[in-house]
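Presented below, as structure tokens, is a lone chain in the form predicted alone.
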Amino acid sequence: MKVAKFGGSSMATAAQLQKVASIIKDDPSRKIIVVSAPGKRFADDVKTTDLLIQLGESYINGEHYEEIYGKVLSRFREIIEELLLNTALLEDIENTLKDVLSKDISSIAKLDALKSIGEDSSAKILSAYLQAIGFEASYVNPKDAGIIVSNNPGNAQILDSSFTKIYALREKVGILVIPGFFGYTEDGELMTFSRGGSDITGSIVAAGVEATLYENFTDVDSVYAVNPTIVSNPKEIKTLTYKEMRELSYAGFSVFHDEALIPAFKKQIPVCIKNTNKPHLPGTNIVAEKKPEEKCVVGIASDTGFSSLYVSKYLMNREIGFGRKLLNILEDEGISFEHAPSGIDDLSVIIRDSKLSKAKEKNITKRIYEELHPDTVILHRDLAMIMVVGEGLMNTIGVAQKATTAIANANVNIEMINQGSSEVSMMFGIQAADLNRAVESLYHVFFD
């Protein structure tokens, strides 16, 4: 039994849904299908989920929402009519929209419920289309599928008790179509995963039914060794380990949500990333372990939008609890940190810019001086992080030398190096303006 997940680009139009149906038809072992909300139909289009968020915010703020409401319905109407499906399907979607908007629930709950309508409607449309062309197929609501989650709006986590319930899906007859992105609490309240959470649903379901393979269909042929917007025609990665994919997805690779593979990883379910538009291509396989002879460095990931909080104090290493006190100040401000490289008298904390407003920066700096009495506190903004990723980095001689030489050859200064905290990656912090030059140089050293 395979679980196949289709992303937003695969669900964007009637023509794409017909491709999805063809892919399902080609392999009878594709028994469980997880779907995203309709994505962009063209480059400047708006994703359905974004429209639903706009609709919710306008309604909650007492603004005119009718135009956005019409755009949402128009997206689904276009797909339903082109697939020649019963118009009762559109009426069902409209009734769901009206019901959520009129419900006397909190703003957070209303937004979660509205966001889920994209995936929910996709699943209903695809199951109806599969039935129309002769398949035995059915829509399965996440509650009925057994996807039970924690009570964290917008950031729900799957509960361990879910997996035995999900396993029961194996007994159901025909093709099952499940909407991604949301589940239900034990009290029956709808909760969404974090953005991009349809990948999480697919991984959860694959783990729950103990699938032989979890296929993730998207709009790229495979995972590339580097961002193709930085390096043209980069090499494709044929095989990745779970750890490598986790590192790559965290550091800017957009193929997968960075939490998506955890359920599949825990159950050792193999994953394959494929292109809905070219399903005959092999794609990228994600496995538990690589063969020893396979290349050490598999990819170079990068992302911007970081700041470094640098704190220096003479004899810091002898002051018990200094690091804990510093991190407590960040915790009090509701700020999570990404990395914390340190020296004898120095400690840097890497933070995403989105977490650190100017007001918080001022308050944190003031508290550090008052409570920790450092010699220096400096905040460096506009940083980028580059990760060289591959299993076996720690045991391969010369990788760090090649990487630092490549960055130096690009005339880029390294602000921070973090090696040793991960077995599968080494990280370099540089100025965001230098990112493309550094990544291009690294790519040519490791892959050309």
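Please read all numbers here as calculations on a predicted model, not as lab measurements. Between two forms, the rigid core is the largest collection of C-alphas that superpose within 1.5 Å. Residue numbers run from 1 along the displayed sequence.
There is another form of this protein, the form predicted in complex with another copy of the chain, and it is not shown here; the text below is about that form.
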Task: Segment assignment from 51-59, 406-414, 31-39, 64-72: heavy atom within 4.5 Å of another copy of the chain in the predicted bound form - done: 406-414
- [ ] Consider the chain as shown here, without its partner, and state which of Asn277, Ser342, Asn363, Asn141 has a heavy atom within 4.5 Å of another copy of the chain in the predicted bound form.
- [x] Ser342
Task: Candidate from Ile133, Ala288, Ala88, Leu315 lying within 4.5 Å of another copy of the chain in the predicted bound form - any heavy atom - done: Leu315
Open item on the list: Since only the chain is shown here, I'm wondering whether Val377 would be in contact with another copy of the chain in the predicted bound form (any heavy atom pair within 4.5 Å).
Closed with: no
Open item on the list: Quick check on Tyr224: any heavy atom within 4.5 Å of another copy of the chain in the predicted bound form?
Closed with: no
Open item on the list: I'd like to check something about Lys243: if you look in the predicted bound form, is any of its heavy atoms closer than or equal to 4.5 Å to a heavy atom of another copy of the chain?
Closed with: yes
Open item on the list: Since only the chain is shown here, I'm wondering whether Glu247 would be in contact with another copy of the chain in the predicted bound form (any heavy atom pair within 4.5 Å).
Closed with: yes
Task: Rigid core superposed: Phe76 CA moves 2 Å or more between this form and the one not shown - done: no
Open item on the list: Rigid core aligned, does the Cα position of Ala43 differ by 2 Å or more between this form and the one not shown?
Closed with: no
Task: Core-superposed comparison between this form and the one not shown, Ala400 Cα displacement 2 Å or beyond - done: yes
